[in-house]
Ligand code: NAI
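Quick heads-up: it's one chain on its own, the form predicted alone, in structure tokens.
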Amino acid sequence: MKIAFYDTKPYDRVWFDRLAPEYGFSIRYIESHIHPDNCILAADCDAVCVFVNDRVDQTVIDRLYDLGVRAILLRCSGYNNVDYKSAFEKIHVLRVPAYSPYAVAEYSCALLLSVNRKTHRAYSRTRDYNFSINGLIGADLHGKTAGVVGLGKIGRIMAGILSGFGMHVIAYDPYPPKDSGFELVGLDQIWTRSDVITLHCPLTPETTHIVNRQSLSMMKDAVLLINSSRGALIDTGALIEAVVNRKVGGVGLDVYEEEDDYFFEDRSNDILEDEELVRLMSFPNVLVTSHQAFFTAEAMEAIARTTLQNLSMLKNNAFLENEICYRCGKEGVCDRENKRENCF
């Protein structure tokens, strides 16, 4: 079987080149994002492999289907960038539900510590031999309240780390695990009680702009806000207003609402046209990184292995446990407790 691999970066090839021969697959690497005009590059391929910033809309799906493509392989857990309703009964959509939740949670914690203790600014200063600590004051996390939005694998690990700091953890999840061990509260209490708020929920119509002007107005003054999930969880315009008004004390973002044209690319010689991104990056208490929370050697191996296993299961007509279907289960994922056959 052949795979057309879009949005290729050098680090993608390390594990895919190593593992693909084990499954008997060949890979055609394509550097550009997938779009209607370059779908033809997937001609004679059985599957396409895409990443978080590839937009797989109805037009793309129809063109891939006409080419005989059988599967869209997402080398990520999120799938808000795929019109999977249009794919139904045409092309299987398969994702990587988990690769290293520890990687994302640990990185989220790194963002929090950097934003709170200003280590990123201290690094820049001392590189210029400026050893002043004026303006770099932080706050003890011990004894403070952390609000975790989303208690999936990543959220639970993050909650455990924050508990280890001696923080009191409160959490919100519409489908909370029974054994979370943390105080479960409604969103209103997350906003009003937390000194730190960290987002670990998927992007759905219900969670889009879950952080907005209203929720920001309910938060404590000088709250610290961390997002390593999906950029559109936060209304960027409202966040900028809250930073300017000193409502928010610090922000750590590994994702951005309109990141598609920028993240994972070298734009150092360009003039950025996204005024909101430029504005965010101008604030001394906002730290923006380029969607790298997942980026560990262990996670990259797990992504490659699960992606290839997904296609292998399709090849062998096995049950596709990582398939996405708009008719099945919560958030589009097949209900594996009650269904042991593929969606179509």
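Each residue number is its position in the shown sequence, starting from 1. As the structure is a computational prediction, the values presented were derived from the model and not from experiment.
Another form exists, predicted in complex with the ligand; not displayed. Remarks below refer to it.
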Legend entry - in the predicted complex, the one of 72, 226, 255, 82 near the ligand [non-hydrogen atom within 4.5 angstroms]: 255
Inset, instruction - Identify, from the list 153, 193, 168, 90, the residue with a heavy atom within 4.5 Å of the ligand in the predicted complex. - result: 153
Inset, instruction - Answer for residue 172 alone: is it within 4.5 Å of the ligand in the predicted complex, judged on heavy atom distances? - result: yes
Inset, instruction - Look up in the predicted complex whether residue 279 has a non-hydrogen atom within 4.5 angstroms of the ligand, and give yes or no. - result: no
Inset, instruction - Using a 4.5 Å heavy atom cut-off, state whether residue 159 contacts the ligand in the predicted complex. - result: no
Legend entry - Partner contact for residue 315 in the predicted complex: the ligand, 4.5 angstroms, heavy atom: no
Inset, instruction - Please state whether every one of the three residues 99, 149 and 201 places a non-hydrogen atom within 4.5 angstroms of the ligand in the predicted complex. - result: yes
Inset, instruction - Have a look at 64-72, 292-300, 39-47, 279-287 and name the one stretch with heavy atoms inside 4.5 Å of the ligand in the predicted complex. - result: 292-300
